[in-house]
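Below you'll find only one chain, the form predicted on its own, shown as structure tokens.
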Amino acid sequence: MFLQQIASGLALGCVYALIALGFVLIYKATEVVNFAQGEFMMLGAFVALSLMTGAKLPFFLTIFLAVMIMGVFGMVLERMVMRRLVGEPIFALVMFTIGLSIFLRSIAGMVWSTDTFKFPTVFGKSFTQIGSVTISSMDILVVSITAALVIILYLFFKFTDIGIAMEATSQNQFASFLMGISVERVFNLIWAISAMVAAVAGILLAPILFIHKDMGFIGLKAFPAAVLGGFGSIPGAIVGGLIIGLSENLAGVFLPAWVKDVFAYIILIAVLMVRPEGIFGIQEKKRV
């Protein structure tokens, strides 16, 4: 049973990791904590559902178009709203993202109703047996797509000019501007990438937990994953998401039922008591 829960917890952990990755990408570049990241995931899932059931598009074409649409949404949001808030206190930005999450849930309720929807999948309910562990095809797909996406992002940030510019901007915005990097363009692309990653997470989560307007609340569990790994660390977001997903799955089996919903925060508090900067975080000291 332990190995079975580990196997199924990996898929949930990958979804947490992708949402946490969205938190980290925006924070690294702009120092803004986007509490609407879970709603980005929810919106991406609804867009994919509309494309698949309304336009009758193939599964992988649906994923591609939904991700592109969410990328455009992220760019428009940054250009029309977030750019106007540059220079405002951090508290104002945090409150805006919280308000944005409420607004997006309301919009989803008006457009798609408050019902729960089942996301169609082309993989059915096939299973793979590895020893005594049974793994569903959907879990394999989730882990595979997450691994591929992480590799693509790593190569993007490591070997492309715009990726290196994003890394530089996350280190020092003013120095990047002096070196000729368009910081505004970097911010715009970061919000787009974050929305696209959230859309992938929503599409992967939809066949497991169904789609409804409140599914974005799962972002509140991905946030501890980002903090746990070290807020600002991309590898930390992946590791933190896997830790939260695995531990939550195990807690649901071996501990009382009420513990499962708060177990992510229990782990977060325990780790931060020992290492406040997170697993992969760097402790920064400023001279004043």
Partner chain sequence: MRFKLKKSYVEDLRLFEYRSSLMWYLALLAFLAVFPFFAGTYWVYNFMLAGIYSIVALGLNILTGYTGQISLGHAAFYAIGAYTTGFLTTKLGCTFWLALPLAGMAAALIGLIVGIPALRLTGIYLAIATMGFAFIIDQVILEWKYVTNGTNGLIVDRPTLGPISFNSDQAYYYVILLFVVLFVWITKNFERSPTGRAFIAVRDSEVAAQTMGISLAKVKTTAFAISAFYTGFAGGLFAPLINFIGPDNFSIMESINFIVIIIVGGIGSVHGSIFGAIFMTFLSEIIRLGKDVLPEAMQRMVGFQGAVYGLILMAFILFEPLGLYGRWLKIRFLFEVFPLYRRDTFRKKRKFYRSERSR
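Here, rigid core means the biggest group of C-alpha atoms that superpose within 1.5 Å across both forms. Keep in mind it's a predicted model, so treat the numbers as computed, not measured. Numbering follows the first chain given and starts at 1.
The form predicted in complex with the partner chain exists for this protein as well; it is not shown, and the discussion that follows is about that form.
J.: How about residue 159: is it within 4.5 Å of the partner chain in the model of the complex, going by heavy atoms?
T.: Output for residue 159 is no: heavy atoms all beyond 4.5 Å of the partner chain.
J.: So in the model of the complex, is the partner chain close enough to residue 106 to count as touching (4.5 Å, heavy atoms)?
T.: Contact with the partner chain, yes.
J.: Is the gap between residue 87 and the partner chain in the model of the complex 4.5 Å or less for some heavy atom pair?
T.: Residue 87: contacts the partner chain in the model of the complex.
J.: Answer yes if any heavy atom of residue 76 is within 4.5 Å of a heavy atom of the partner chain in the model of the complex; otherwise answer no.
T.: No, residue 76 is distant from the partner.
J.: I have 35, 265 and 276 flagged as a candidate spot, so tell me whether each of them has a non-hydrogen atom within 4.5 Å of the partner chain in the model of the complex.
T.: Yes, each of 35, 265 and 276 comes within 4.5 Å of the partner chain in the model of the complex.
J.: Looking at 236-244, 37-45, 54-62, 23-31, which lies within 4.5 angstroms of the partner chain in the model of the complex, counting heavy atoms?
T.: That would be stretch 23-31.
J.: Select from the listed residues 72, 208, 102, 164 the one whose heavy atoms reach within 4.5 Å of the partner chain in the model of the complex.
T.: Among 72, 208, 102, 164, a heavy atom within 4.5 Å of the partner chain in the model of the complex occurs only for 102.
J.: Name the residue from 94, 133, 145, 153 that puts a heavy atom within 4.5 Å of the partner chain in the model of the complex.
T.: By the 4.5 Å heavy-atom cutoff, the listed residue in contact is 94.
J.: So which bits of 149-171 sit within 4.5 Å of the partner chain in the model of the complex, heavy atoms only?
T.: Sequence-ordered list has one entry, 170.
J.: Does the C-alpha of residue 89 move 2 Å or more between the shown form and the other one once the rigid core is lined up?
T.: After core superposition, the C-alpha of residue 89 moves 2 Å or more between the shown form and the other one.
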